[in-house]
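Here you get one chain, nothing else, as structure tokens; it is the form predicted on its own.
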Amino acid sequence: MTTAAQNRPAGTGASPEERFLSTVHEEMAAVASLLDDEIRSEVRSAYEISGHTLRAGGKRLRPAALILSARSVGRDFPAQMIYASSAAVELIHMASLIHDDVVDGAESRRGRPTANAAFGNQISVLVGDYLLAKSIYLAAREGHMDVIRIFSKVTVGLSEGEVLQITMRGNPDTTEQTYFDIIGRKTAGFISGCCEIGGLLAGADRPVVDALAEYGQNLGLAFQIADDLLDFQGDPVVTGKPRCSDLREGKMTLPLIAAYRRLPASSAFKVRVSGWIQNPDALSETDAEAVRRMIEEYGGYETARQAAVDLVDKARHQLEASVPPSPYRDSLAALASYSLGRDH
């Protein structure tokens, strides 16, 4: 069995992002190299669109969470299996981004044209399917049934969450419970699965694996809430997308849900907001700014921010209670903090 050294010092980067990635720099480089190899295809368009998506950048949060979870256990692990699983989760993520952009009709992501904008919807959907198939092949090639089981659960959750999100579009009565159900199946369930796989492949005891999975669930929920706050409050130059993009797609996210429910039922403005949610094509820039101010006035941002803080606290507590101290556990804790403080 191939193993990897575990005594690398903790990172000292200036930002939380640099810190949590610096402890697994070599492993992340190995995953990046494997991804370059795995997206290759004799069908030129499949390779071109896959490469366009891969090189669009991104945080590689999911592979990092998987590797850090494996490292945090404090044991030698099968390096090649870890790298293959990490590459597979990124392929699933890439496929989900392509499919989401087609469904949303998105034209840009991180300041670059989406695959569907650059190549068209039909071929983008097919390449998303190609990347999903590649991820399954990569996981199966390593022959670990528990990994395949978790990947299957993750992809089912992603699909269910997306279907639920689409069915709730344009519904101003979307509840917080429904919102958390959606992001729990999508972002949180995915990151939880990554952390669970890392613990399993590193040979952790079941209670530690469960703790890592719970950490990942809370991290994922907090990460998505922070993302939804950035949609209203972020700098479009930094985030790579216009403010209020979710609102323009008729999506009810936590800041808007929390503020909307506090608007008096008799309020004329509540009627207007309801109309914009149901018919987002009618939303002007002035209207969007009015919604942003309403969310501020009625405490939507603060409610969402506090929910994310509480989830990060739970994630960090899960680590401290169940995972032995190490630079890698520190990096997982830094990753949780990063989910709150990021600007893109």
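From a predicted model like this one, the values you see are computed outputs, not experimental measurements. The numbering used is simple: start at 1 and walk along the sequence shown.
Although not depicted, the form predicted together with a small molecule is the subject of the following passage.
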Check for me: heavy atom within 4.5 Å of the small molecule in the predicted complex, for each of Asn218, Asp313 and Ser339, yes or no. no
One stretch from 198-206, 267-275, 95-103, 76-84 that, in the predicted complex, holds residues within 4.5 Å of the small molecule by heavy atom: 95-103
Students should find that, of Lys134, Lys251, His144, Arg243, the residue having a non-hydrogen atom no more than 4.5 angstroms from the small molecule in the predicted complex is Lys251
Looking at Glu176, Asp210, Asp173, Glu162, which is the one with a non-hydrogen atom within 4.5 Å of the small molecule in the predicted complex? Glu162
Examine Ser192 and determine whether its closest non-hydrogen atom to the small molecule in the predicted complex is within 4.5 angstroms. no
Residue-level contact is defined here as any heavy atom of the residue lying within 4.5 Å of the small molecule in the predicted complex; does Asp227 satisfy this criterion? yes
Partner contact for Ile257 in the predicted complex: the small molecule, 4.5 angstroms, heavy atom: no
Give a yes or no for Thr187: in the predicted complex, does one of its heavy atoms lie within 4.5 Å of a heavy atom belonging to the small molecule? yes
